[in-house]
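Presented as structure tokens, the chain that follows is alone, the form predicted on its own.
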Amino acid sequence: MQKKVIYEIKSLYRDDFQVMGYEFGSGENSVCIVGNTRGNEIQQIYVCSQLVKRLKAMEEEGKISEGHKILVIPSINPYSVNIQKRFWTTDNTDINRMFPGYHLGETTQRIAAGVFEEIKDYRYGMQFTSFYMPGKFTPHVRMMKTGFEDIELAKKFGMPYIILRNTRPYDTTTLNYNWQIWETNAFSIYTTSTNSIDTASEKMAIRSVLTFMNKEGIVEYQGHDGYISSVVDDRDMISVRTKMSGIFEEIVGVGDEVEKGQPLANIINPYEGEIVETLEAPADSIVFFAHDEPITYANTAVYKLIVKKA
């Protein structure tokens, strides 16, 4: 294992800003794995840390195939992690909306440019990332429809779901999109949680990444091949939205199967304790995403459901 500085900004008043990377093996740039770009993505750092530990042991055992280099970057935004803030500490910008970056731009543009210069030539790119809304997910691989996406490759992770979605204008500045444009096979990997540790989905993520690399001849790994992935278009999911704001009382959670009309959650008046709204499943479905904050607001998507096929 080789530990290296991927990008650095000198500081006058505190420790230098450093993006650290961990290299395994040697040869062609085969796989780059990126953890958090946002300060609250603690699960994403944790998954990468466990992957670094696992790959270090595999390298010592000679289980990384000759001619392949793997790079793991646990965090691109350690400053925000240190003060537990989701976005950049000074101007509240999102590094994952700054790619491919600009060397003469604002701080987050420079960070994105510096990091992307080091990782843009890898054959496969994997990013552990988070959703813009607070909540928990069924673990899955997500790909944008850029014309470069490869569903058959995504199936090699063995995760329960592969989610496809159309690109939106702001997606063009994300790491995943730019990786694909620079001809890297890019995948966003979602585990169950973001700002808390979930060891069950962490283990699934590690197994999935190692399974993929084993099938591509990059590492030697014998483990459970996982699931036969279901491919779902994001547009085919049903969003369940609140009409009222209040305390969110979950009844069903991620991965649960629900029937049409089944209660999903209650919204409770925070002063009087009365239930002001009960959310119900609009169809027989599987809970893919569930809100997990104690408070919710009106007209908020608190569930995303995958409709069961007849």
Partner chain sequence: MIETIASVGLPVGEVLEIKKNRVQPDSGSNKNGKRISIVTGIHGDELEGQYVCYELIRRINEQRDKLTGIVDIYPAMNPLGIDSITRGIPAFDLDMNRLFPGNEDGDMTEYLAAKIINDVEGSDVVIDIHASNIYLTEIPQIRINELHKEWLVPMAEKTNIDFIWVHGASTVLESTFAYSLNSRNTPTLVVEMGVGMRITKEYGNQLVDGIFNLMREMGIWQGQTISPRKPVISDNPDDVVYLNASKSGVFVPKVKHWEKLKKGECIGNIINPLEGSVLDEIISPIDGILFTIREYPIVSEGSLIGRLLREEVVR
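Since we're looking at a predicted model, the values are computed, not measured. Residue numbers count along the first chain shown, from 1.
The next section is about a form of this same protein that is not shown, the form predicted in complex with the partner chain.
With respect to the partner chain in the predicted complex, the three residues Lys53, Ser196 and Gly217 uniformly fall beyond 4.5 angstroms at the level of their nearest heavy atom. At the 4.5 Å threshold, heavy atoms of Glu106 reach the partner chain in the predicted complex.
Under a 4.5 angstroms non-hydrogen atom cutoff, the partner chain in the predicted complex has Ser245 among its neighbouring residues. Using a 4.5 angstroms limit between non-hydrogen atoms, Lys260 is distant from the partner chain in the predicted complex. Of the heavy atoms in Val231, none are within 4.5 Å of the partner chain in the predicted complex. Exactly one listed residue, out of Tyr221, Phe148, Phe116, Phe87, brings a non-hydrogen atom to within 4.5 Å of the partner chain in the predicted complex: Phe87. Though the partner chain is absent from this view, in the predicted complex it lies within 4.5 Å of a heavy atom of just one residue from Arg207, Lys155, Arg123, Arg110, which is Arg110. Per the 4.5 Å heavy atom criterion, the partner chain in the predicted complex is contacted by stretch 170-178, the sole one of 123-131, 185-193, 170-178, 198-206. Contact residues in stretch 258-278 (any heavy atom within 4.5 Å of the partner chain, taken in the predicted complex) are Pro270, Tyr271.
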